[in-house]
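Read the single chain below, which is given as structure tokens and is the form predicted alone.
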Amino acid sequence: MENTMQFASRTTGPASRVVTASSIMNHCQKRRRIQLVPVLRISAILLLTIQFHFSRCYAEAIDLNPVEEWLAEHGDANLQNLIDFVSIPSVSSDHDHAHDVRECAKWLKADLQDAGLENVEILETKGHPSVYADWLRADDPDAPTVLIYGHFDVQPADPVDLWTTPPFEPHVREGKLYGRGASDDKGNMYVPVVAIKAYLKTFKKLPVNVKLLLEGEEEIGSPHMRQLLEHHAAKFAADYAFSADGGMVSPTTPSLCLMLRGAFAMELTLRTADRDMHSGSFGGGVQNPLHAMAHLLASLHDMETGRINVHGYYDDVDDLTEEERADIAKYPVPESERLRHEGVNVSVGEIGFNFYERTWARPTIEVVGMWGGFSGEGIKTVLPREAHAKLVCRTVSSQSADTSRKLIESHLTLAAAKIPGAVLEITRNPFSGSPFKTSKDTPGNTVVAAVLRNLFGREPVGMGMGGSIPVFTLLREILSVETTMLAFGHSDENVHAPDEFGRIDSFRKGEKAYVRLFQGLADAHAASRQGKVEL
């Protein structure tokens, strides 16, 4: 990490550093630019915001009270729209819900058009579609362009019987909206949409140019996002990128996300016979595929040290520096509290690391599914012919999904060859994403920190996330734009689990954040014409 985890403001008073126009342009010249668009002013504009005091910006610029009044007046209507949105079972991993994912894209298209966005279209891929929209008529012809990312596909709702209310019949109770996708990511994705709508309905214009990239395949690893971005590079070119997918430490503690783990997945089938067999007639005389699968999976880890037992798996994993570990230790939520919320009494994993170090900065191989034989009510005295397992693996640092996958496949193949009577089949899943690491000092993080400081009245803290958002590294690689997370979900909201919920107050705070972000970026750009930006 580049000084990650705990964000510390460089300034505490109204006077500090000056960023000159020449230093801005010198930095800008170092960037690789995309030639498909006339000009990408990203670094110049971003650097201007680094020392920009947002409270001064708001005082001298346009009055945002009418926008926030519109948000308050239309809060119930916006919530009802979100309820309608969450009601669509857009489960991207289930072919039976492919129609629902498309219906969700159509719903979004209509809603974005109603909001006043332009050039709204459904972008086809070889899988589920994405949705694009923009508004590119800022008064300033040199206004920055902001790309906002989110996703409208959701995880399966299983096990449905553990939900208090049906997952696709959203229900509001105690200030929380319950439903699959209420937090990840429909609830959070809808936040900037509402902010844009409020601005356009109030002023009939935006202070910056805005583009939206709303994906329908994030929950399955964004398998077609690379092709989509490469094909539409000019369409998505921007000076800033912000992600509405992600979250904060807590409703009262703002944060900057500085690292995400990468991911890839595979499925294993281990076969020992052509057909199921009577457990009395054959038990003890032939290989049991369930026993063999358990042995195979156990070989992936050293149970005493918690380390991954795959040769070469740690070769591209960077060690945490002392500074990084000290920053992680400052994270304001004790690991005991984080675990207690999930009903877990102890953190288990790679020795020598605490819970947050393990889940933010260390690689994993996790068994997320395992089955075979008879699982219905009662007993069936049968030896199954095969056993199955699903693995999801998280990568960090410079690990590549392809190299790491091959290392695991080699390990499993060799281990299976030592099991008498067992034949192993490995199927690669398209789910994949690269690890992402950034610094608290990037221009995007700096401007978001200023917005959050103004909104929460306190410094944001740095954090990592153990999950993966594949588009972050793709935007960096293909569009040369750094992505900054500005999302308002929280770790206790049961994402990917029964009774997922989003906090309505957090959504409304997020709407104000995006409103202030747009105006703050416009004001910072205007200040650049004076050749410097002073705190």
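Note that this is a predicted model, so its numbers are computed, not measured. Numbers for residues come from their place in the sequence shown, where the first is 1.
Below, we turn to the form predicted together with another copy of the chain, even though it does not appear here.
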With another copy of the chain left out of view, choose which of 377, 322, 76, 319 has a non-hydrogen atom within 4.5 angstroms of it in the model of the complex. 377
Quick one: from 408, 237, 249, 392, grab the residue that has a heavy atom within 4.5 Å of another copy of the chain in the model of the complex. 392
Distance check, residue 87 to another copy of the chain in the model of the complex, heavy atom within 4.5 Å: no
Mark residue 359 yes when one of its heavy atoms lies within 4.5 Å of a heavy atom of another copy of the chain in the model of the complex, and no otherwise. yes
Residue 102: touches another copy of the chain in the model of the complex, heavy atom cutoff 4.5 angstroms: no
Contact of residue 293 with another copy of the chain in the model of the complex (heavy atom, 4.5 Å): yes
Is another copy of the chain in the model of the complex close enough to 159, 273 and 370 that every residue in that trio has a heavy atom within 4.5 angstroms of it? yes
Counting only heavy atoms and a 4.5 Å cutoff, which of 450-458, 119-127, 207-215, 426-434 contacts another copy of the chain in the model of the complex? 426-434
So which residues in 282-296, when you check another copy of the chain in the model of the complex, have a heavy atom no farther than 4.5 Å from it? 282, 283, 284, 285, 286, 287, 288, 290, 291, 292, 293, 294, 295
